[in-house]
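Before any questions on how it binds or moves, here is one chain, the form predicted alone, in structure tokens.
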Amino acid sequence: MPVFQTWDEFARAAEKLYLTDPMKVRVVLKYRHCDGSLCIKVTDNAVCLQYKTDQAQDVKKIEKLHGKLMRLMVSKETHSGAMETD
């Protein structure tokens, strides 16, 4: 399971993974208070992508990506081309 070092690489890989098969992908957020780290994991049971951070500014980026993925998951539109980087 690859742990990405940069946010941009992770965000692109997570979007690509979601768009390949939206029905199989799931997103998990995990916060550990003892060391102040936040981990986001995107998986489809075959590929598992993970990003860990302890930086406060990364929380907003994670929240933004998570929101995009959630909006796509509940939308009735086709998913092709829906996730463009801002």
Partner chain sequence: MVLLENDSFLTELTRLFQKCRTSGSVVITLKKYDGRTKPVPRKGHLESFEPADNKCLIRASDGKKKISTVVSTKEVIKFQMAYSNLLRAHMDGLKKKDKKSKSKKTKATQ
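This structure is a prediction, so every number in the text was calculated from the model and none was measured. Residue numbers count along the first chain shown, from 1.
Omitted from view is the form predicted in complex with its partner chain, to which the following refers.
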(message) Just checking whether Glu9 would be counted as a contact of its partner chain in the predicted bound form - the rule being heavy atoms within 4.5 angstroms.
(response) no
(message) Using a 4.5 angstroms cut-off on non-hydrogen atoms, would Met73 count as touching its partner chain in the predicted bound form?
(response) yes
(message) Within 4.5 Å, heavy atoms only: does Val25 come near its partner chain in the predicted bound form?
(response) yes
(message) Test of understanding: in the predicted bound form, would Val59 fall inside 4.5 Å of its partner chain by heavy atoms?
(response) yes
(request) For the stretch 38-74, return the residues whose heavy atoms include at least one within 4.5 Å of its partner chain in the predicted bound form, in the order they occur. (result) Leu38, Thr53, Asp54, Gln55, Ala56, Gln57, Val59, Glu63, His66, Gly67, Leu69, Met70, Arg71, Met73, Val74
